[in-house]
Ligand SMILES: Nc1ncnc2c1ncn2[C@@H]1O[C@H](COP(=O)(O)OP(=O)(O)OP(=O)(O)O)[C@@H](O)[C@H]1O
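Below, in structure tokens: the form predicted alone, a single chain.
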Amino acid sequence: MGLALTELTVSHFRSHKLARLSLDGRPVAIHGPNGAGKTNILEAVSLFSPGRGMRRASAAEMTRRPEGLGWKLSGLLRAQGQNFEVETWSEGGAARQVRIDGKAASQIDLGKLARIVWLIPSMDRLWIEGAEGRRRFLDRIALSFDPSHAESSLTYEKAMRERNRLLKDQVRDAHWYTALEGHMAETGHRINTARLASLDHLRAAQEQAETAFPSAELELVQTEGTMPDTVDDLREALHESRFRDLAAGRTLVGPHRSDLYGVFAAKGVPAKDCSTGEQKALLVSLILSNARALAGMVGAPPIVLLDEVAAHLDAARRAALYDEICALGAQAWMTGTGPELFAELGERAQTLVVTDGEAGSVVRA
């Protein structure tokens, strides 16, 4: 049996005062009216992986109002042929904590157990928004392959913030820059390497798949110039760019200047120029490729979160998506406004209904 949450308890999280769910590992189809709290369940599941969850919200933003007491999520996670009791929580808006089998754990520890990927409506603008959103999308994929990627990103961003502060203050003493640029070179090279490796994993998964969804040709590009290939080259590039960076007041070299360029392979059309439906299909294809690649790497598919994805697909594409999820053996959590959106799944899925009650969201099987 693959990776799955078989029990989930949600306490004082968003619109849910208390919800207890028992799952059997099948895909989970969640339906109910808009605003009832369906997406909040998916967000809770996303927090069984490293990071800030699929909405990138702060711990304080996730707590149920008006109480504002904090929140807690508990689950029984089936992974690597074992069952793990996982808890994550926040009190008073403090950074969230993690416990695995009763022992304090890091988010990297959590990432080694639970690989979770997702597609949410805000990603629909991925190909037409700024490069930051595409970097974040690719970094989430890289994190699914390598849980330590988050630590590299945080270390790089911290060093870059300090370097940018020096630049804005017009500090010219080289002594202040040397150590920061050393950290940025080491972690920046790791970030770039992880991103390139992720693209290789996606390409291989796309080439090997029989799928109803279109393939994307993906390339990591720089908004200006090129990304240095080695740690030493990146360190030297940062050193040489100081004068230009001083004029700009920010760092102009490094992985934070990268962008993900995508092309609809069958048509040779840049993803940004495709129709809305084609862009959505490309995103679904990439999430499925990410899941297939992870299944090949770790021996089990990840948990897949698909928020309102069915509403944007016709019946044939919906059926194809459900068939691929079931063939992969993934526990996919999917939301939609009505049961008709999941009709093609039939008994292959477990159904939950979410409604808005007087005391908050109500979930029933």
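Just count from 1 along the sequence shown to find any residue number. Computed from a prediction, not measured in an experiment: that's the story for all the values here.
Absent from the display: the form predicted in complex with the ligand. The rest refers to it.
Of the candidate stretches 293 to 301, 37 to 45, 325 to 333, 309 to 317, only 37 to 45 has residues with heavy atoms within 4.5 Å of the ligand in the model of the complex. Interface membership of R55, defined by any non-hydrogen atom within 4.5 Å of the ligand in the model of the complex, is confirmed. In the model of the complex, at least one heavy atom of M62 sits within 4.5 Å of a heavy atom of the ligand. Within 4.5 Å of some heavy atom of the ligand in the model of the complex lies at least one heavy atom of P33.
Residues R14, S15 are the ones in 14 to 32 with at least one heavy atom within 4.5 Å of the ligand in the model of the complex, listed in sequence order.
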